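Heads up, the chain below is alone and in the form predicted alone; it's given as structure tokens.
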């Protein structure tokens, strides 16, 4: 980005020291598209170079200082004038003076705290960026470079299964059970639905994953619900005593970790929504919150192998053992 002023101007470029080797990840932009950005984690050092290139060599560029900032900020779309900064670090690269030729300045932000995950939602954006600025009397010259931050978690110590009932007196009694309540982003939701009493004609049943984004506080709270996935469990009428297995693979969906009360500005929560539709198009549903978390990269086994392990833990059946054997064959094949 360049700004022209009285004969001399400059272009600024920000280059990371480990740009050749640092991993890039896709991240959604405000317009819904996906771009690739350098990936960082909490506590990592951010270092690199700021290149200031003069547009007209030989002419001097007067300035009131050159600096670089590392910023973490939250922007609420309904309050666009206000940026809420939760990280703000500044390094001065040059004192006020003049530049007579193109120059490069080194910078390093050591072990930077990056407490929250980068996020672009319906009503809010949490971003981290570097901003280099040549301060001038009339118009500053600056350049921003966004990065993406992922927050990693460890395996939850307590991860109990979820058991719930859906019932209409003397008409319908269903129990459903999921193997756990906390799932990592590449996990498999394994569960079972039991029909204990069926006196209405059910024609369709599905599980939805719903993302609920909450922004603001007090009277100005906004809720946005987004259905991330629809998983059809059953088509047709079940009878009493039947059970239906569920296997829902999360890796194929655009999910983030659960975020609770981030900097007192917003939350992102996920729910499993069990929906039943009868022949008269009446809808019955039951919602249960689940917690999603991101784990570090490990040697990835095939999804079928993950599912078989989860199913064996959950069901403890001979059928799941054969599923495990089948997955092993697929891996070796």
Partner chain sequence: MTDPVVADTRRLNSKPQDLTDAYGPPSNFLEIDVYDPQIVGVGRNRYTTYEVRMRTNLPIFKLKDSCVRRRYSDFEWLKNELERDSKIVVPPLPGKALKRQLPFRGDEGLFEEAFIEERRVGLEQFINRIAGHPLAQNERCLHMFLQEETIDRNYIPGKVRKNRYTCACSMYIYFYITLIQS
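Numbering follows the first chain given and starts at 1. Computed from a prediction, not measured in an experiment: that's the story for all the values here.
Keep in mind the form predicted together with the partner chain is missing from the figure; the text below concerns it.
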137, 260, 95, 240: which sits within 4.5 Å of the partner chain in the predicted complex by any heavy atom?
240
Can you pick the one in 33, 282, 264, 36 that has a heavy atom within 4.5 Å of the partner chain in the predicted complex?
282
In the predicted complex, does residue 166 have a heavy atom within 4.5 Å of the partner chain?
yes
Would you classify residue 200 as touching the partner chain in the predicted complex, given a 4.5 Å non-hydrogen atom cut-off?
yes
In the predicted complex, residue 179 touching the partner chain (heavy atom, 4.5 Å)
yes
So, residue 105 and the partner chain: in the predicted complex, are they within 4.5 Å at any heavy atom pair?
no
So which of 252 to 260, 83 to 91, 115 to 123, 169 to 177 is the stretch with heavy atoms within 4.5 Å of the partner chain in the predicted complex?
169 to 177
Can you name the residues of 244 to 260 that have a non-hydrogen atom within 4.5 angstroms of the partner chain in the predicted complex?
245, 247, 249
